[in-house]
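Below you'll find only one chain, the form predicted alone, shown as structure tokens.
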């Protein structure tokens, strides 16, 4: 378990300090509990756009944030997903005050420096990123097609975090100001400081720079309805879709809506993904790639999210083979698992991998998935920075019968989305009965 101290400032900012004096560095990690799920249909992309805008300067440092921090020897970055936005710096201990001052200034004083020129410039950057990462990338539109099919149009996971092109183009500076005031304030944030610091001194610095920033208004309900009702609505039967793309080899995706992060069934889906495709001895790798040699690769993952999750298996057909052959092998393997479950050795191997992953994430104090990031993640999503031990226990209770039941219950044809991505002009290579996927 990670040792930490947590306090909440009067303005609502959660502050978590973790001491580690083995190396003279310190990590600052700030999470805002806002992501693309907090957007509305027709006004998507603002959360990700703000990830860029927050590096462009604030009232008392109206310039880029990378230069002063990198000159002090820091590494820094940020990211956005459906549920949160985070920013982090890893600095020499002597630069801690600089990092906290910059983070506090963009939290409290970003809008006076947010000009139309900056907004339009970063909007163009985001649109270019969308083209590079999705539109012009082989298989890049798959996630957009799958999310739109798995979740109803008004569900906040129906769209991807990058946002839809028309929405990004239509966004205004006033929209950006309104979005910032709603979500980027102390009452909707969690700050972790980890590394070579004294806890009391760290808390004193945080109070010095953050306590005068006013807390914002209560966070608007997600999608305008209570969060408990935001569950994916499974379709009566399987949905078959296809996309033509600039690819040489066709790829198959099978996806299902699954339980949300930390709910019963979420950890089981993680283990199942490893049983199916975790390494060269896994079931689907052996069947598709090694034995039959009808696929060049295969992967599976549980996409755990705050309101709902999704499980996806993908495989690329080897030259001379078709997606229908891959589908048959995958479905047969899932049927075997639903009848017999995995054997004890498969589960033991997967659980060992899960525990190792927990340990790997503790090796660094900062960055993505480091200790400071983990403390914030558990604080935001579980309300407890020390939830790691309980999280690990979710996996240790998984056995053959439980996994068999989960496969039978979660991965049936009901609600399944089957997506074929095929070379342009080869629509006939998609799974029979597929219709064009609507992607914007």
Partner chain sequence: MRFPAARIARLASGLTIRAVEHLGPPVVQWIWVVPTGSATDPETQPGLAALTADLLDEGSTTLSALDLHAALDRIGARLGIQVGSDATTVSLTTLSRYAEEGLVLLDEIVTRPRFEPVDFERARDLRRSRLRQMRTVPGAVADRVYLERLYPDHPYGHLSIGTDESLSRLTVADVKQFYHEDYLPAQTTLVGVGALAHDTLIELAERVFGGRATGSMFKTAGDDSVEPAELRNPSAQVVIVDRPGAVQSELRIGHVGVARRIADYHAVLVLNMVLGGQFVSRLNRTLREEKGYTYGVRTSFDCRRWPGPFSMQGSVQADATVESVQEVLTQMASFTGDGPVTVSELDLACAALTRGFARGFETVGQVARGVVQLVQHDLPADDYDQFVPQIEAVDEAAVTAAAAEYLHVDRAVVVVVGPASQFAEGLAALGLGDPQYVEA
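Just so we're clear, the structure is a prediction, and the values are computed from it rather than from any experiment. Numbering follows the first chain given and starts at 1.
As for the form predicted in complex with the partner chain, it is not shown, yet the points below apply to it.
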- Task: Go through 52 to 60, 386 to 394, 39 to 47, 399 to 407 and give me the stretch that gets within 4.5 Å of the partner chain in the predicted bound form, heavy atoms only.
- Result: 52 to 60
- Task: State yes or no: in the predicted bound form, is some non-hydrogen atom of residue 124 no more than 4.5 angstroms from a non-hydrogen atom of the partner chain?
- Result: yes
- Query: Do residue 281 and the partner chain share at least one heavy atom pair within 4.5 Å in the predicted bound form?
  - Reply: yes
- the partner chain contact at residue 290 in the predicted bound form, heavy atom, 4.5 Å: yes
- Message: My question is simply whether residue 363 lines the interface with the partner chain in the predicted bound form - judged by any non-hydrogen atom within 4.5 Å.
- Response: yes
- Task: Scan 75, 344, 166, 111 and let me know which has any heavy atom within 4.5 Å of the partner chain in the predicted bound form.
- Result: 75
- the partner chain: the contacting residue among 100, 295, 197, 254 in the predicted bound form [heavy atom, 4.5 Å]: 295
- Task: Go through 349 to 365 residue by residue and record those having a heavy atom within 4.5 Å of the partner chain in the predicted bound form; state none if no residue qualifies.
- Result: 349, 352, 353, 356, 357, 359, 360, 362, 363, 364, 365
